Ligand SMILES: C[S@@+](CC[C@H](N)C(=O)[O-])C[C@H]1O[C@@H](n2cnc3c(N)ncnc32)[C@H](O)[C@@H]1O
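In structure tokens, one chain follows: the form predicted alone.
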Amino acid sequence: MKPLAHLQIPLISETTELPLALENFPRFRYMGSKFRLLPWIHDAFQELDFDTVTDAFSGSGVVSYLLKAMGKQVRANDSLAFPSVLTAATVANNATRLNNDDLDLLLNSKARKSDEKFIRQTFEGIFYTPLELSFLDDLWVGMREMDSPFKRSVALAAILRSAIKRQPRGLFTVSDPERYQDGRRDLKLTLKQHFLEQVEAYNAAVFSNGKRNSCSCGDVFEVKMGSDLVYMDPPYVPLADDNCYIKRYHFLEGLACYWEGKELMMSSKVRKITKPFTPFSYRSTAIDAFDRLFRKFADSTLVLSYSSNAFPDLETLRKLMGRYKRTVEVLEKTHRYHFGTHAAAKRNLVEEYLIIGTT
């Protein structure tokens, strides 16, 4: 096997003010991702005095990665499993990469027992070809044999990004993979071909900032306190439409942990996972959830990322934060989301807010 190369991926090279390490971040197509807002977010962080930071809803991991590249000690958390894998591979991981021996192990492993063929048996005819579904089962056999958690996280991150690139529209809501075929390279490559490319991409993303960074998967209200700054980008209660992450990414969530502890909805065409409850996603519970959130982290500088197309509104959030912080400032930026640009995707031009509470 040829030696692995370290891909250099100039994703934001047009922005010279950002840390150079950001050029190697494997951009993950994710609803609500702040990737295109990084220069604005970076400028806001530059004005604040902090050394340690908690990214309480890490999502795609790009803001955690930015903070790591800025030399901060980062603690990343998300309630879902697959975002936690992404930050384990790129933020908590300071030095571990996959080598050719690791790839040999992964690519030569075979699922033999019935319980090692869960993906092929469960998702037959959904999302991918039978060979690709078997490839995922085989890959998990190899990942279980890896003795390094960081190596496993790099391998998992690589297959997660492969899975979303191989899926039309980057969503897991349509069972027929041929429905949106449009000749793109991503849809022509097999999962295995994608995986080999993504291993190189995630290897290239690994770097050390000299700090002991960490990641976790759990309820934000269980996150340990103690950071100088807490960055919060919670799920939004949309004014309309639907923002359910599990609905769109249930396959990634299951793949990240081989569906361990996940309840599948076998009656659904795409084998969805039962949606976990979060108080931030409902009008009846969101205001109280924000109040609890600000109170929990009241001893830290607070930075809330939010949008004008969501509930509660800006003034409500400003008042809630003002209960715990004497100074509350709001930065605004007009932003157009490019996720869901089809004719039915309305309200994608919004005002983005950074609500910052200090002292």
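Keep in mind that what you see is a predicted model, and the values were worked out from it rather than measured. The first residue of the shown sequence is 1; numbering continues from there.
From this point on, the text means the form predicted in complex with this ligand, which you will not see here.
S.K.: Taking this ligand in the predicted complex as the reference, which of Thr278, Asn203, Ser134, Ser109 has a non-hydrogen atom within 4.5 Å?
M.R.: Checking each option against this ligand in the predicted complex, the one that comes within 4.5 Å is Thr278.
S.K.: Given that this ligand is left out here, which of Leu80, Ala286, Leu156, Leu191 has a heavy atom within 4.5 Å of it in the predicted complex?
M.R.: None of the other options qualify; the answer is Leu80.
S.K.: Looking at heavy atoms inside 4.5 Å, which stretch does this ligand contact in the predicted complex, given the options 33-41, 294-302, 309-317, 322-330?
M.R.: Looking at the other structure, the answer is 33-41.
S.K.: Would you please decide whether Gly59 lies within 4.5 angstroms of this ligand in the predicted complex, comparing each non-hydrogen atom pair?
M.R.: Flag for Gly59 set to yes.
S.K.: Using a 4.5 Å heavy atom cut-off, state whether Pro168 contacts this ligand in the predicted complex.
M.R.: Output for Pro168 is no: heavy atoms all beyond 4.5 Å of this ligand.
S.K.: Can you tell me if Gly254 lies within 4.5 angstroms of this ligand in the predicted complex, counting non-hydrogen atoms only?
M.R.: Contact with this ligand, no.
S.K.: Taking this ligand as it sits in the predicted complex, is Asp138 near enough to touch it, meaning that at least one heavy atom pair lies within 4.5 angstroms?
M.R.: Output for Asp138 is no: heavy atoms all beyond 4.5 Å of this ligand.
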